[in-house]
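A single chain comes next, written as structure tokens; it is the form predicted on its own.
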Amino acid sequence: MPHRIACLGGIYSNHLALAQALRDITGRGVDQIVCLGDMGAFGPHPDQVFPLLAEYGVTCLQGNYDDSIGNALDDCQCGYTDERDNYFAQLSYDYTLDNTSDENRRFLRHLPPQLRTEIGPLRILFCHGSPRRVNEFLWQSTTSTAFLQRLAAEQKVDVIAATHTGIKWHRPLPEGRHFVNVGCLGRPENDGRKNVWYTMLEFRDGQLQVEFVPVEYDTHTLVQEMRHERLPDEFMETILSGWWTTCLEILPSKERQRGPH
């Protein structure tokens, strides 16, 4: 029964951040590493992610992007509603689909959408967006405690861990339950900092401990690779500034206000 689990949110083809995070995690004596989906998107050279996941024995779930790439769908199923956001999402998706090998697409196609396990005595459900929908956005400012408690009760679990929004958060719930958004490894979280994040879950002292761990990596090398691959300048600006330049319209007002005005 695992007592320490490292959680990776959307990798978004950021192989440099992934490599750095995995090196850091191996020094922490974890029992399991779980990636909650979205291996591709946004960054360059999506095929460079998969050897790292295999080398470190990462347990992977299928996010919306992985389902789309694995099955060569028309778009990423990201859930955006804004025309500009969908324009950039399509550029990213088309590039990722064109640069993901058949072998890795087969891997993505057969990933499970959820994982149930235990951490200490606590039952935990890992999913991508939510237990209801792979691309559901659960934001800290707009998601009620009552709703999260109901989700956990319906799923008969003590902890729900998800990602998809790109911004980490944790909320203790009644009856000793928890909801954790594990954040995002592939791009900074719209706070003006260039680092990205992974999440450590540990059962210690009779309760769940949640630690958000910052990851520093070589952003300039990543941007050079993005430029060589002719990815949008807006994506490179996000990596170098720590502020989102796309996918902004989906943000609730409180999360949006973190950004520059």
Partner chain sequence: MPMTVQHSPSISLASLDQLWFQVAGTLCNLTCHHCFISCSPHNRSFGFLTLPAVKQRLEEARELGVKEYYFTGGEPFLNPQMTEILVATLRYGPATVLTNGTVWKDHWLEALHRAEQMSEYSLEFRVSIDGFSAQTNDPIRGEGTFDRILQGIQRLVEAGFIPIITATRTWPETSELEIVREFRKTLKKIGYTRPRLKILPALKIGAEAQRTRGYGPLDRVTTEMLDGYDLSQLVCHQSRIVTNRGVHVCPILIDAPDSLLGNSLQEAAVDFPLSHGACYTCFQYGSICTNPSSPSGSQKTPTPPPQSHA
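Small disclaimer: the values here were computed from a predicted structure and weren't measured. Positions refer to the first chain, counted from 1.
The next section is about a form of this same protein that is not shown, the form predicted in complex with the partner chain.
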_Per-stretch contact check against the partner chain in the model of the complex, the hit in 95-103, 126-134, 177-185, 113-121 (non-hydrogen atom, 4.5 angstroms)_ = 126-134
*Is it true that Q140, S144 and R256 each have at least one non-hydrogen atom within 4.5 Å of the partner chain in the model of the complex?*
yes
*Is there a heavy atom of E83 lying 4.5 Å or less from a heavy atom of the partner chain in the model of the complex?*
yes
*asked:* Using a 4.5 angstroms cut-off on non-hydrogen atoms, would C247 count as touching the partner chain in the model of the complex?
replied: no
*Does the partner chain come within 4.5 Å of any heavy atom of R150 in the model of the complex?*
yes
*Any non-hydrogen atom of K168 within 4.5 angstroms of the partner chain in the model of the complex*: no
*Heavy atom within 4.5 Å of the partner chain in the model of the complex - qualifying residues of 85-109*: none
